[in-house]
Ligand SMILES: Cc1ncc(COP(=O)(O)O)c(C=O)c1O
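This document opens with one chain alone, in structure tokens, the form predicted on its own.
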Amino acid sequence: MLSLLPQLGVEDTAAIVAHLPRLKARLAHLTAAMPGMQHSIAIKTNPQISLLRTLVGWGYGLEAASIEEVRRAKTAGCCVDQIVFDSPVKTRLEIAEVAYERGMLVNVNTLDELERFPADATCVLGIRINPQVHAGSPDMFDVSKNESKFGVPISNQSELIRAALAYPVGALHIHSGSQMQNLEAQKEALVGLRDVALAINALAPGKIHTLDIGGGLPSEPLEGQTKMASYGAMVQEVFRGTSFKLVTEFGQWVHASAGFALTAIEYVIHPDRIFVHLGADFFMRDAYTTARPFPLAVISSRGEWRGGQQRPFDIAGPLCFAGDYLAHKKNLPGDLQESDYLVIDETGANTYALWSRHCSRTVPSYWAWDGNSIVKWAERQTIGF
């Protein structure tokens, strides 16, 4: 990381960095926990094109939540049979664009949507089911409530089965929510998905061949018995003895710790406030909800880590509204100076992807650290309206 500082230009008041060794380690852990499955990583979590190309180059698929993300997945070189398309509001033109993409998994959000697909579609057509469980996701990311806008309630099982038999459906999909904490509730969702698929296949053998088990986990260290390892064992237990192709759609668990950011400390306002160049533009979700506990450190412009006695600071961002704070009362070295850099770790998920256009600030340059050297993936970008 220290090699990045001399490469920053005068206008590079901040930089975003992908940590590729961490990314590779997390993907390896995922693959070990859930072997033999198609892992299509959620584009919306981090859509940086060189990062997507890296994932594809390592053999992973991509999950798209919009037609724009489908096109981005193709630009990244992803084979169409490794792409999952999950938009809940697909237009007829979008459906026409993907219907004949052989092998692409396209999940409908409602049974009415099935009527828009041609009978001879060559994509793998799936139905999204709302498992109606509470898997412990934060309220904003809980997509399996009874009143959820996502999917067909599993309580409508007879309608689901009739629709699967009447249309060229070959897959079923659930997504209980992001950052799931209650794996027992998720196990109930998995069992429900399996049982609906088996019920359909009892009437039309082999009709359902693919199950998309969406639902994310919170980021976590890879030491010891991880939640991902426990979840992987659960998935294998539920589907043991079946022959379904299994697909996953992880995002934050893969990306969060696999990135960091640097921002110049522009002003140190004594005794307890600093102003930096990354705020609610980069950390929009954190400014408007509950901030994640990003690890923080400080490095001088000479590349020396600042230590010494610490004291609490409020970290204010660059946007012109009162809520633009990255964090409050965070302990940092007490001898901070202008031209120091605040290093913010574990910023790889839902940051760059949510960049705010408020105040029309440019998006920082994007870099990649491979464990030995650092390379620039993208120049600073100007927002276009």
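Note that the structure is a prediction, hence the values are computed from the model and not measured. One-based numbering along the sequence shown.
There is also a form predicted in complex with this ligand; it is not shown, and the following applies to it.
At a distance threshold of 4.5 angstroms between non-hydrogen atoms, residue 178 is in contact with this ligand in the predicted bound form. Taking the partner from the other structure, this ligand in the predicted bound form has a heavy atom within 4.5 Å of a heavy atom of residue 86. In the predicted bound form, this ligand sits beyond 4.5 Å of every heavy atom of residue 151.
Among heavy atoms of residue 250, some come within 4.5 Å of this ligand in the predicted bound form. Residue heavy atoms within 4.5 Å of this ligand in the predicted bound form occur in exactly one stretch of 195-203, 308-316, 90-98, 242-250, and that stretch is 242-250.
Shown without its partner, this chain lists 358, 29, 44, 53 as candidates; in the predicted bound form, only 44 has a non-hydrogen atom within 4.5 angstroms of this ligand.
Interface residues of 51-71, taken as those with a heavy atom within 4.5 Å of this ligand in the predicted bound form (partner not displayed), are limited to 63.
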